[in-house]
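This document starts with one chain, in the form predicted alone, laid out as structure tokens.
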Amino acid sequence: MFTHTPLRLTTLAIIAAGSLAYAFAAGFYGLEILAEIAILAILVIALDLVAGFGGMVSLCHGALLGVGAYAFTVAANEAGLTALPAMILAVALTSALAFPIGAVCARSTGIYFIMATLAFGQMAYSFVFQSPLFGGDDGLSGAPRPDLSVVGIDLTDSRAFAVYAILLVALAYLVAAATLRSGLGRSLVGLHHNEKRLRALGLTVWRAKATAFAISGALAGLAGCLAAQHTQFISPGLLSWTVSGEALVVVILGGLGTLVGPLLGAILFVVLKHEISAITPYWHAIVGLILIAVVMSRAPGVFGFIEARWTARTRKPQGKEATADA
């Protein structure tokens, strides 16, 4: 079962405090990077929920992010909804779409599951790319930001928007953590370790996987809403499988199945991307080499490595004491 160890809580506190401090100290460029990190952080939280804890490695989460972004923009611009109701509608629609995807793909495992989710993602990309309603290759502009003027907050200001983005990351994390600590979360982890046993105990496997996928899809839709609000422009590129692949890289880099690790991975990935791209246009190759080094070292991501070392160090004195007592 997912638990918050002292190390995880400390890491979360450092990330939260550091993000808020940076939001109030950074200039425009730094605030834009912070918003980019927040969008990616929500997406990788959604992906880690199903991939890290349920073993459902998905390559359609980029498409789900895109669905959320397009649903939000169309609801606001075409249906005339204000930003907050449009966000709720977009998140609900993305979740409703993710449920049947999870239900269909639940009957497959391993590489077959990955390819099935990739197929769904590519279908969504092709539909949006060719649909005049969604602007085709030209995309859509004019995605609004929530109007919080009643509480004295102007989200057109980059600093206010960065803080707003951080709060949405916190909301996404709390939803994912609560899901993992629920009966559904325990079933999801059990399915990852021994699906046959859970099936023998009477669990409806496809429903549990589809429900978890729907919750993950809702979080991906939330990331899409935030992405649309950030740039106020969306294009079919948001639904590309490369977005899903990038999110998977970040989850592995940070620590698959830790929920905290992907947050750290999102920060590292975006910072590395901007710092290295300022030196060379081949930043993908350098990030790829770093990922290969992490995988070849057999470390469970950056945070997973730190957590394993921390656990070994804290347990070692206890082992010595037990030996001395004996």
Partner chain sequence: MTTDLGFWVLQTLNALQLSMLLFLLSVGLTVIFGLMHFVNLAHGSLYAFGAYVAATLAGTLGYWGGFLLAPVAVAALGAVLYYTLIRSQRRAGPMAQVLVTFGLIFVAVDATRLVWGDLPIGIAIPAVLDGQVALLGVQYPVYRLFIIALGLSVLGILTLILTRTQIGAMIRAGVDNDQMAACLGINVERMFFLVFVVGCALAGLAGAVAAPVLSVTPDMGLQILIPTLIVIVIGGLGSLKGAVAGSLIFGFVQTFGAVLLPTLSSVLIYALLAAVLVTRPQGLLPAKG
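Residue numbers count along the first chain shown, from 1. Predicted model, so just to flag it, every value in this text is computed and none were measured.
What follows is about the form predicted in complex with the partner chain, which we do not show.
Student: Applying a 4.5 Å heavy atom distance criterion, does G245 contact the partner chain in the predicted complex?
Tutor: Although the partner chain is absent here, G245 would touch it in the predicted complex, with heavy atoms inside 4.5 Å.
Student: Please check if Q130 has a heavy atom lying within 4.5 Å of any heavy atom of the partner chain in the predicted complex.
Tutor: Yes, Q130 sits close enough to the partner chain in the predicted complex that at least one of its heavy atoms falls within 4.5 Å.
Student: Does V104 reach the partner chain in the predicted complex if we count a contact as any heavy atom within 4.5 Å?
Tutor: It does: once the partner chain is placed as it appears in the predicted complex, V104 has a heavy atom within 4.5 Å of it.
Student: In the predicted complex, does F28 have a heavy atom within 4.5 Å of the partner chain?
Tutor: Close contact is absent here: in the predicted complex, F28 is far from the partner chain, nothing within 4.5 Å, heavy atoms only.
Student: Using a 4.5 Å heavy atom cut-off, indicate which stretch of 181 to 189, 136 to 144, 199 to 207, 120 to 128 touches the partner chain in the predicted complex.
Tutor: Checking each option against the 4.5 Å cut-off leaves 120 to 128.
Student: Within 4.5 Å of the partner chain in the predicted complex, heavy atoms considered, which of A116, L93, A83, L168?
Tutor: Here the answer is residue option A116.
Student: Just one of V163, L155, V249, A177 has a heavy atom within 4.5 angstroms of the partner chain in the predicted complex, so which one?
Tutor: Spelling it out, the residue with a heavy atom inside the cut-off is V249.
Student: Taking heavy atoms and a 4.5 Å limit, what residues of 276 to 294 are near the partner chain in the predicted complex?
Tutor: Going through 276 to 294 in order - heavy atoms within 4.5 Å of the partner chain in the predicted complex - the hits are P281, Y282, W283, H284, A285, V287, G288, L289, L291, I292.
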